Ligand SMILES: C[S@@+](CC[C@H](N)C(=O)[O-])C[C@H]1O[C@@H](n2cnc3c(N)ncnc32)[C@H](O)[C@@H]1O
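Below sits a lone chain in structure tokens, taken as the form predicted on its own.
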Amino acid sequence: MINPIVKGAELSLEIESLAFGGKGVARKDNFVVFVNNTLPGQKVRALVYKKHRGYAEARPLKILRDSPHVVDSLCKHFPVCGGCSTQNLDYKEQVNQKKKQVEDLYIRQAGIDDFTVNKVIAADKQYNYRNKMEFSFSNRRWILEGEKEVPESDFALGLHIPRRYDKILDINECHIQEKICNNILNLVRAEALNNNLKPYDNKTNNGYLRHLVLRYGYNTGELMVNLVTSYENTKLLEPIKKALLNQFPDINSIVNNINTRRADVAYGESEIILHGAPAIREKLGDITFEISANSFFQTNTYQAEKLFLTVQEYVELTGKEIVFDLFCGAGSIALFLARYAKEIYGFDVIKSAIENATRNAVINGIGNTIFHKVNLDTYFKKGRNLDNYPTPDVLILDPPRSGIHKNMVKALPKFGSRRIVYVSCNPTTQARDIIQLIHWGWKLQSMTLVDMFPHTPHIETVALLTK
């Protein structure tokens, strides 16, 4: 029987749940329809804008019945911004939906019929929690519906409109970053406009200002301002620097990263220190971390400590174990656990991260961690290079969103470890990798969900596997 749902159809739909990524899930004649910007419990009139073989995509035209979980959103930029997709959903229900998404993924994709998330760690602080935010400059400001064109329409400092690489929504207050960072954001915008500094045009590769990256140490109060430009000319940044230090004299670091490439990334090939130190400090527990402009560090300080305590619980260290921390970044997990292990070896491909990790070990007087710059996609392929290290009792995996490269996955059985702790910011790729580990004889013992990013669809999970 041919499904009657076609592109352009208007449907009355009941939103059952949220899919991974934040879209509402509805069914029409047993056919799945994903609906943008909807909440569980809503009934909507929706327009189908895309039809696939197994599902359709739609956008809401009218809310026919609202969700019992709806709340007022705090931010005036919601939902246009897209940074927060569920700010109008009660926080308890946000966490509940994330738990359901992970469980559905593992039951459906991994085929584990009795799978449940064993523990959920919700965030005590649901706003003003991000210790790093990246804003973009653009000469193509997104004009809101009903907003008249203004002279500054060729200048914006804010966040990308969803699915539009070329349009930036001008932001003056983001509620998920620290409040002082909003004041810095607005000052930088004002000074850039006053001094006629040109935003970068990603179509023509012209213009100067590319990104503003703000870092804040919640447990130290230290601040970093990183201005990413398309070429080197620090004289142009002097008015911004002067205004920042005049209004915020406690800023610890102002740096200029220079990105001459077309790639739309908020870091550069080189860096100039405009003021203060090249890094700020943050603390997790009693460990102090130096964080440079391009270092990776968990973006929610409060939840990061809970995440690391979960890893500590899962690794069950007695002080006699050899631990490998694969994808170690700046060494945050390794250093947090070092006192409980015999030795910890950290591996990562990013040179600056390994330098940060080594430096952080020295700062904290930790002598049983060793960090190596290697490409984990190939370094241990087919078990090579393992003879250079002692056999690890525990593997900690914390890969990027893409998960673990197939070469690395295939090498995991050769390490001889009996215990794996897999930290992931993408349950889809985590499930894919864990399916393979189960096939090779590991058992998925426990799963904890740590909500690192309230009001967003992002999910962080920690899995324990034993041989």
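Don't overthink the numbering: it's just position in the shown sequence, from 1. Computed from a predicted structure; not experimentally measured.
In what follows, reference is made to the form predicted in complex with the named molecule, a form of this protein that is not presented.
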Problem - Of Gln109, Asn375, Asn385, Gln312, the one that lies within 4.5 Å of the named molecule in the predicted complex (heavy atoms) - result: Asn375
Completion exercise
in the predicted complex, the residue from Tyr389, Phe296, Phe248, Tyr302 with a non-hydrogen atom within 4.5 Å of the named molecule is Phe296
Practice task
Determine which one of 43-51, 395-403, 427-435, 64-72 lies within 4.5 Å of the named molecule in the predicted complex, judging by heavy atom distances; exactly one does.
Solution key: 395-403
Practice task
Report whether all of Trp142, Ile171 and Val213 sit within 4.5 Å of the named molecule in the predicted complex, measuring from non-hydrogen atoms.
Solution key: no
Practice task
Decide whether Gly329 counts as a contact residue for the named molecule in the predicted complex under a heavy atom distance cut-off of 4.5 Å.
Solution key: yes
Handout entry: Distance check, Ile333 to the named molecule in the predicted complex, heavy atom within 4.5 Å
Key = yes
Exercise for the section: Answer with yes or no whether Ile370 is in contact with the named molecule in the predicted complex, where contact means some heavy atom within 4.5 Å. Expected result: no
Practice task
Using a 4.5 Å heavy atom cut-off, state whether Ile350 contacts the named molecule in the predicted complex.
Solution key: yes
Exercise for the section: Select from 125-141 the residues with a non-hydrogen atom within 4.5 Å of the named molecule in the predicted complex and write them out in sequence order. Expected result: none
